[in-house]
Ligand SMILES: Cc1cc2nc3c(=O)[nH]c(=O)nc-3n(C[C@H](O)[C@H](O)[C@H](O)COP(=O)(O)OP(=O)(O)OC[C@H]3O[C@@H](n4cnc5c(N)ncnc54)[C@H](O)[C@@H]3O)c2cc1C
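A lone chain, given as structure tokens: the form predicted on its own.
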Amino acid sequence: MEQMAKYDVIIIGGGTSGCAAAYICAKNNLKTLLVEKNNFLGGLMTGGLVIPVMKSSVKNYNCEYYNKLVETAKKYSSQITYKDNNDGWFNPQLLKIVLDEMLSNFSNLDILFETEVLDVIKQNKIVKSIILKTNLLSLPIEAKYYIDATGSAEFSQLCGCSFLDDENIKQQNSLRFIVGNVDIEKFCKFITKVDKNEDITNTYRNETNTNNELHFTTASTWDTNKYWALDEYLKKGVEKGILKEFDRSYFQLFSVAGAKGEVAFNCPRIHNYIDNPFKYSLELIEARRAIYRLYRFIKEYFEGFENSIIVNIATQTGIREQKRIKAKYVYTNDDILSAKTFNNPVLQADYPIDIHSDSINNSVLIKNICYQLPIESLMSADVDNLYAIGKLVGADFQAHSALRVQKSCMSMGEAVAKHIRQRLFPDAKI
């Protein structure tokens, strides 16, 4: 009979939060298995092209992994620090190599790529073992603790967990893409002339922080709460028949660290039919059509894009919100707005309540003072040895919209790893 492999912790999902959890578990001498369905790590940061990391003020609550990520990315020339001191501008392709470097050198950490969970064996409220399906065979694996970092809650569903469904609205998703062979200098002169609002459009070059390369950020939406200079051009694209009206809904561009001449697009938006796979699949087809429409538009209307080419379309959809686990403590919008404090906070952040809508003037962006999140919001209410991290955080819809960003998700992964270490070895110092 085949011997069952045993671990202290099994992490399902090698994305933003899962990699953080794996790194801290391994560093704290836990025998760890990281299971990833793709053939690379990073999730939406790499496969989804979700760059840069959105800036969120923290007070060093569970930021060890993030700081190590920045340090390692620097060595691979895949990171810059922007003018607002946001050091989370990464190169999504090189980040795959960076994450391999960070996680593959631990003797107590195994990584399985192109592997998914086939089945879960439970006893009462405890997950005893799981069956993994690889390209070659199925493997029975046992652990003391499990962490769902899938983003879609695939593992938690297999475990029979309950989920929160307290809202009829959903976040709108995006399918990101990257355009190369752009004359960045020419484009930056163009956009700073068109848009004088530096809160929306700005550029930055620094010998140390950007390796003396010119970087930028700019954006536009169809919302009328403020004037968006680039929307005047998008309207022309609609009038000429190059764009559709919905293409104007959200339009955001960033330069890419360590990739001269490349521009990352945080668009087009996708209507959220995540619970209907047929409609969702049609949305992905329409999103790729929208990418080509946007590409034709920028070549005609934006200086610097004349000789540009599409070099990358995300292999993962930028899903902002899908399922939220019913946790031991359901974190709420009131907890954020009141800045409620907790004895052992997972994180401290100030990223705003940020809800993307598919209709004009219905998106929400509410700035917050610093808020905390308790570990209990990452612990399943139904399974005693299961944690759910990242976008699965047990929070209501509004609170989730602030917590879902990458820096906070990394802190969640790190905090859970430390919490498991403390449960396994109560007398050990972390």
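Counting begins at 1, following the sequence as shown. Quick caveat, the model's predicted, so the values are computed rather than measured.
The same protein also has a form predicted together with the named molecule, omitted here; what follows describes it.
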Would you check whether the named molecule, in the predicted bound form, lies within 4.5 angstroms of a non-hydrogen atom from each of K37, G43 and S174?
yes
Using a 4.5 Å heavy atom cut-off, which residue among E213, E154, D231, D195 comes into contact with the named molecule in the predicted bound form?
E154
Position in contact with the named molecule when the complex is considered in the predicted bound form, options T81, S357, N266, N333, heavy atoms within 4.5 Å
N266
Taking the shortest heavy atom distance, is I389 within 4.5 Å of the named molecule in the predicted bound form?
yes
Give a yes/no on whether Q316 approaches the named molecule to within 4.5 Å in the predicted bound form, heavy atoms considered.
yes
K323 near the named molecule in the predicted bound form, any heavy atom under 4.5 Å?
no
If we define contact as a non-hydrogen atom of the residue within 4.5 angstroms of the partner, is I420 a contact of the named molecule in the predicted bound form?
no
Contact segment among 359 to 367, 22 to 30, 60 to 68, 46 to 54, judged by heavy atoms lying within 4.5 Å of the named molecule in the predicted bound form
46 to 54
Can you list, in sequence order, the residues from 269 to 291 that come within 4.5 Å of the named molecule in the predicted bound form, counting heavy atoms only?
none
